[in-house]
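Presented as structure tokens, the chain that follows is alone, the form predicted alone.
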Amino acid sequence: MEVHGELWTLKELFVYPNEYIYWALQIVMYPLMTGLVAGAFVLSSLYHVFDRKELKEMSRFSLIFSYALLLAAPMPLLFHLLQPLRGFYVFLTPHFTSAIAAFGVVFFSYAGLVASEIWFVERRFFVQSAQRLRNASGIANKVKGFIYRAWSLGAYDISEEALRKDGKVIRVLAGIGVPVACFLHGYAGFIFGSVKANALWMTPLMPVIFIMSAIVSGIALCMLTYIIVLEINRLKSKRMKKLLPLEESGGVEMDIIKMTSKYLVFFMVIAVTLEFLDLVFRGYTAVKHWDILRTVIYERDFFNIFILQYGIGNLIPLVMLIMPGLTKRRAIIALILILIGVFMMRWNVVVGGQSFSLTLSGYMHYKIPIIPQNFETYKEGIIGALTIISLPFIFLWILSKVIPLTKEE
């Protein structure tokens, strides 16, 4: 019988017969996806909680995008499980006796909270759309009108006083949502940091490092997607021969991008500082297993850690963002590099932590499945990862059919 992990694990030197890289690409994708959720919500809360008015449009977009990301967040775990139908037990029987079981509680709480905040933010739009489509003709308009009437929940009062009360509720929900979002992702770092048998994962800084890098990745993906959405709107306007001034046709509003990039740089500096602090602390204390850990960090995974993660994924985009005269093209390249850097951080933690044997005298290499040979290599390979990363955009596209993502729509 084939053992899980046997297909993609290459062993070197002295490795136990039952040792394989069990946590493969989908476990890399899982903290990446939950991190994107947390980061997108934190970005939306900068406006609602801290009253950063310059982020109003980005806040609305990132709030809806965070919900699309949230719907896809559990999928990597379901892909990874050999018995995926049992994965729903986490949601059906939530409790706090294990970190992964707590995911069910946190996930449902967070999903309800984000849905409630979206409802309060978009309530005026729901009511106005329901009233506008009440007597509209056509099946599509009737269906939309029914959806908006249902989502209005009978709360048709959109007077200034009612909207002002909505604003207060939104601020409270956003304030509660920030720690919940951080907990949603922080527990992923908690799971790794609490594994005593693995020297690379065992550090109290792991949850904090995961949270900060999550905020960085969420902001970067929201900015990148926001630019793409506005560019698509501009192209649609051109195609419909309704060429409008740039700011009215959905052209990229660079002021919003520049302002958001400042917050992104702020969180990047904190995230990189924490990661280097952890690295220096490990070298200074040189605790048990440090000898083999050092060979992994400074020799075998040097390219992944110091070139791809810190060099290409952190240093270069940081310089690109802080240089004066930020352009759309430079912002796009920097954001893509940041996402690569955060992905490599997850990769180096998950795969790097399994790359040395418990004998402390052997290594394991993860040969990532590119062309799927069976369902197992599809799930844990490149195609499976691309499937997962495409899901939030599909959900966002569906949501965009009933909720405008930008003010121009």
Partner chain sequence: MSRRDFLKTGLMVGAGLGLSSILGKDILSSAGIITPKRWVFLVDTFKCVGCGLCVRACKLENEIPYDVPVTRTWVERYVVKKDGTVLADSPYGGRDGYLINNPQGIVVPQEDIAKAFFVPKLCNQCTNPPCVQVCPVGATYQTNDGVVLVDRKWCIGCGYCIMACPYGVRFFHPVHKVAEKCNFCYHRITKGMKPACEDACPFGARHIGDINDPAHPVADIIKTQRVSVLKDEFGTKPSVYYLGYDSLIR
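Note that this is a predicted model, so its numbers are computed, not measured. Numbering follows the first chain given and starts at 1.
Keep in mind that the form predicted in complex with the partner chain is missing from the display, and what follows is about it.
J.: Which of these residues, Leu277, Ile232, Ala99, Ala286, gets a heavy atom within 4.5 Å of the partner chain in the predicted bound form?
T.: Looking at Leu277, Ile232, Ala99, Ala286 one by one, just Ala99 meets the 4.5 Å heavy-atom criterion.
J.: Looking at Pro94, Pro74, Gly145, Gly311 here, can you tell me which has any non-hydrogen atom within 4.5 angstroms of the partner chain in the predicted bound form?
T.: Answer to the contact question: Pro94.
J.: Examine Ser361 and determine whether its closest non-hydrogen atom to the partner chain in the predicted bound form is within 4.5 angstroms.
T.: Taking the distances in the predicted bound form, the answer for Ser361 is yes, it comes within 4.5 Å of the partner chain.
J.: Is there any non-hydrogen atom of Thr295 lying within 4.5 Å of the partner chain in the predicted bound form?
T.: Contact check for Thr295: no, nothing within 4.5 Å of the partner chain in the predicted bound form.
J.: Would Phe393 sit within 4.5 Å of the partner chain in the predicted bound form, counting heavy atoms only?
T.: Contact with the partner chain, no.
J.: Just checking whether Tyr263 would be counted as a contact of the partner chain in the predicted bound form - the rule being heavy atoms within 4.5 angstroms.
T.: No.
J.: Using a 4.5 Å heavy atom cut-off, which stretch among 186 to 194, 124 to 132, 318 to 326, 217 to 225 contacts the partner chain in the predicted bound form?
T.: Contact-bearing stretch, as computed: 186 to 194.
J.: Does each of Val3, Phe14 and Tyr20 have at least one heavy atom within 4.5 Å of the partner chain in the predicted bound form?
T.: So, yes: the whole triplet contacts the partner chain.
J.: Give, in sequence order, every residue of 57 to 80 that has a heavy atom within 4.5 Å of the partner chain in the predicted bound form, or say none if there are no such residues.
T.: Sequence-ordered list has one entry, His80.
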